[in-house]
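Given as structure tokens, the chain that follows is alone and in the form predicted alone.
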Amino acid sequence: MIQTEGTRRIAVIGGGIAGLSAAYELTIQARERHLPLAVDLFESSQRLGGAILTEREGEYVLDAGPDAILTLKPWGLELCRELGLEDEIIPTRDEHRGVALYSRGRLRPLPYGTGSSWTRKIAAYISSGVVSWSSKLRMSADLVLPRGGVREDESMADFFGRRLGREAVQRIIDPLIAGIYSGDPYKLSIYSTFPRFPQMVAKRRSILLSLLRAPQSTRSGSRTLPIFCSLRDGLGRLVERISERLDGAEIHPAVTVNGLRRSGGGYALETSAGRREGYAAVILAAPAWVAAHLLEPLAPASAAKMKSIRYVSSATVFFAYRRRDLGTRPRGYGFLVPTCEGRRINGATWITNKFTHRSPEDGFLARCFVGGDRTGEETQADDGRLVQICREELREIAGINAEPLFTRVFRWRDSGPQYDVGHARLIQEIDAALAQHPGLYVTGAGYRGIGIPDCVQDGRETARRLLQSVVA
């Protein structure tokens, strides 16, 4: 962007998908509305994208962080279309649809349709052998239970335990939460993670009745898509394309912002590359614990509350095989493991079964995920030991004895925000405290949603709110 007299400089701190979305919104608004803006994007690592990372090993495509975009929330696909990626969107492979759950010592395949949505999985579990008949009878009580009173907040375990029973929480809810949040259903807030379930009860009185009407696909332009999609060459393409569209913005990779100070009527940054002054506004798109450190001298009330947002660490471990070495090809999209089974991984995804364009024709790609509240101790092991743990678990759970062609380990330290009970009120308090400091904004996975669509929406909406106040 060409800076002229009267140009407003905006700093975006953090180059994950929320920060990139905020910077993108600022640049397109400036271009379309001819606004005198200059945007600086700072990222402490060498690359942009945050948890979105795609790497290649020959014909194998490895999405080391999230590997799919939820289509029920439109903001991710909308951005893909804006960026000209419509033709690169790929659906999950319908012919392999399904997941399994490791329950009572063995994998129990779930009926067709369970690969489509979180809610459909629950319906499928009811008709499977993952819970006892006594638990199925207890779950059926949801059909006749009253709605109950409106609650300010409660844990996922309390909500689902009341509606479906304790065993359903242990063997159904727990592994699903591990696959999304790497979290503990006894700590996580139902209203901040999956508010649509309390909404189901409020609207139709029953979760199970509501599941009968849950969609298995969504519309994207003229296409009907399943609940999850990806991009042909991996989700890193989304990061690449946004970066290409940041016309005129200055991108500062490998530059750490160490301090944030007031300067005149705006803000100054202390960075590893020197002091930078003259910012009319700052968007903090870093993890909440990083943003809290920067905000502490200026907005101590907000910083203190942000420090209370809990984060967990995780790891993903990839295994590439020759398909012929596996013997029988694994079925479905993968499996999940309840905490009560005492295993050392949270689950695994059969990437080749889930998406096309992920492995050569004669290859097979698998990914184990470890960490969070459940298997966090395992992430302390070195790479060699972590690979060994995952190989042992794949052998004992899924019967995979083949020697992998290669393995890759990716670690995500303190990267998984946990929306514990009270999270929604905490975010309201953070926003209220920050409102006392014009020009300071926060966005990212730690606040209003962890998925790619949520972060895209929050980043762009944060940029719009900034423009309303900064550019009168």
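This is a predicted model, so every value here is computed, not measured. Sequential numbering from 1, following the sequence displayed.
In what follows, reference is made to the form predicted together with a small molecule, a form of this protein that is not presented.
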query: Candidate stretches 437-445, 400-408, 420-428, 24-32, one within 4.5 Å of the small molecule in the predicted bound form by heavy atom; finding: 437-445
query: Of 321, 369, 102, 191, the one that lies within 4.5 Å of the small molecule in the predicted bound form (heavy atoms); finding: 369
query: Contact assignment for the small molecule in the predicted bound form, among 62, 38, 51, 433, heavy atom within 4.5 Å; finding: 51
query: Touches the small molecule in the predicted bound form: residue 452 (any heavy atom, 4.5 Å); finding: yes
query: Contact of residue 463 with the small molecule in the predicted bound form (heavy atom, 4.5 Å); finding: no
query: Proximity of residue 388 to the small molecule in the predicted bound form, heavy atoms at 4.5 Å; finding: no
query: Residue 10: touches the small molecule in the predicted bound form, heavy atom cutoff 4.5 angstroms; finding: no
